[in-house]
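Quick heads-up: it's one chain on its own, the form predicted alone, in structure tokens.
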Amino acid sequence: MTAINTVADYTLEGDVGVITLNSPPVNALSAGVRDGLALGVAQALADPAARAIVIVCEGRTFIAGADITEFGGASKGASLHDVQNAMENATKPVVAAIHGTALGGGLEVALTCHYRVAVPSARCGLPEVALGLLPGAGGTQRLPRIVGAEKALEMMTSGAHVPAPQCLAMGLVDELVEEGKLREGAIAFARKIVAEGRPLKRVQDLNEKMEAARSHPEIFANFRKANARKFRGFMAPEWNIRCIEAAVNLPFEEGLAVERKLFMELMTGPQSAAQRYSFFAERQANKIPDVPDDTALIPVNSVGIIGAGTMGGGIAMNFANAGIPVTLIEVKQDALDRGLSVIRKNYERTASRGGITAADVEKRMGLISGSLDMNALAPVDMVIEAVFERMDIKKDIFTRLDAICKPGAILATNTSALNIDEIASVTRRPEAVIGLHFFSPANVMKLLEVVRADHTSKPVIATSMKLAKKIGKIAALVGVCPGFVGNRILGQRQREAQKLMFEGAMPWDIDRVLYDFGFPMGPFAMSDLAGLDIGWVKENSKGETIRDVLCELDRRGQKTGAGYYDYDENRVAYPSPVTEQIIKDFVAKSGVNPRTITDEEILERCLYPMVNEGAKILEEGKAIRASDIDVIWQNGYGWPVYRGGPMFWGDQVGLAKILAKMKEFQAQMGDVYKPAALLETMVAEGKSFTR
């Protein structure tokens, strides 16, 4: 064995030269790895005893992709382009031996090898689209040539990690070798291709699948149409599609030029900056400054959930999906039966779409049991209360849990706004109490707001953050305040939407502006979807609000075919003349003269106060970092990922501009718009929240 550099070595095994890379944790394409490849290939080509070359990696994975920490820095070491050219133009066959993942730049390196072998558990993909990018090292030109334009479109616009057996079927991998014996299998394959005299197969020269695509140009229009909703607002999917079109219609080198041009447009643009920021923000959210990484964790091998309604049932599914047994508690048998039935239907719907098997349905249902007796929670490791948002009910439940649950059990509440310190005060173990605010539907939404109360212990916090990851959630730790972080900021937007409606903007105007900004829907469409009658009591309604009047007319949202909007039989929304007249009547009674409100004002009024509230939250220490606020808003409220979150977006707009506008709002409409002291400080010192 000869050391090439600190991360690579070269070994001659019989007549095969083996280049081994070992750059923990994931063999990213750092300068050292690129140099190791370049020098290793040169050494193998110069070795007269080597008739073939195998590239293999130590650790848990093949080259997992670009070293994202080098993005934007000065280039050093061998260029990836030069390394790929050396491999693709090598005079001896080069074989990539893949285990773990070959992603992004890792797969692009493998595509410049003449052959690829993999163990069955390996996965390959080009996930750059998730960072607002496209593969910039020839991947957009080589992948379609080997798997065809249609599969390349699917892979590159989804960023999917494709299992090795599928890679074999589509021709991306030439052979599967035995699990755990990758090195030996790759060397045996290399000897086989030498013995059989197979050609040095350069992917860039393959043309058969490009000719097939050229004869069906409608592939691209059909793909765009089928995915229009999913790709809305994002640049990267469209830029990826254009590169594949170039692969089909242009010679290889000209296609590479298109790839380089479009890559740089994305790399230097605002969307990729936002998406790369978001990538790191999610990882940063797991780091709690005063909770060390080695904090002792509390084993959670069983969970109790109080409330089998929509929220409780959804929470239960998360734990069953992760293999953790759940005991669901309800007060009446029919409510419990209904809750279990909904869970089963949800699983069966997923199975009917191919997401899980029928056996998975039964296995997961087998992990969920129900009871009407709260004493059934005595042995569980964690209890999550998910009942009606009333403090008296929650305090009663926690008083009983304190008497029932074993010492050391975590007592969690799913409240979305109530004071958790007050809930914890009725127990003799406030250190065990924490907020776990799931978002609805809880079995779908990724966000989990983990709410730290005054006395919550560090092991309880560390366990909750770790458990969130285990059940597939993205967690952010926040402090106790009305609405916590997410709903507290949402309140600012909701208030402004309502006020704008009384000043002359119609609900569909406000919704359209926020939809065009990138939200899945605006506040009024969201209200219609949820149901306008949530929290509305018919007997107490006196027509005092627009919502009251709509509900009194049985316009309760999508479920009744009308709310703020009118809906057709397919639930397609249309502006409602009924709603418009109701609003005009309310405005006339209020004595306000309606005015024309521009789209720009709607956006500023709805979003600037959100940034300002985020600054107040940071000021009060209710969020650890501005990036945590952004993680919450992206994953819980549909803030478009290509805009980075409210705090990142605020920095992009310019904090001085937002401050000036908030002062203007304050002068016109009162102190509810008073700028946060932190916002004033940031502007005075020329600082930003996220850079």
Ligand code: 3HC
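One rule holds for the numbers: they count along the sequence shown, beginning at 1. If you superpose the two forms and keep the largest set of C-alpha atoms that fall within 1.5 Å, you have the rigid core. Remember, predicted model here, so these are calculated numbers, not experimental data.
Omitted here: the form predicted in complex with this ligand. The next part is about that form.
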property	result
Heavy atom of residue 595 within 4.5 Å of this ligand in the predicted complex	no
This ligand contact at residue 670 in the predicted complex, heavy atom, 4.5 Å	no
Contact of residue 67 with this ligand in the predicted complex (heavy atom, 4.5 Å)	yes
4.5 Å heavy atom contact, residue 135 and this ligand in the predicted complex	yes
Contact segment among 539-547, 120-128, 458-466, 487-495, judged by heavy atoms lying within 4.5 Å of this ligand in the predicted complex	120-128
Heavy atom within 4.5 Å of this ligand in the predicted complex - the one residue of 108, 449, 511, 528 that qualifies	108
Interface residue in the predicted complex among 406, 283, 349, 589, criterion: non-hydrogen atom within 4.5 angstroms of this ligand	283
Candidate spot 616, 625 and 665, all three touching this ligand in the predicted complex (heavy atom, 4.5 Å)	no
Sequence-ordered list of residues in 12-27 near this ligand in the predicted complex, where near means a heavy atom within 4.5 Å	25, 26
Is_shifted residue 102 between the shown form and the other one (CA, 2 Å cut-off, rigid core)	yes
Rigid-core frame, C-alpha of residue 670, shift of 2 angstroms or more between the shown form and the other one	no
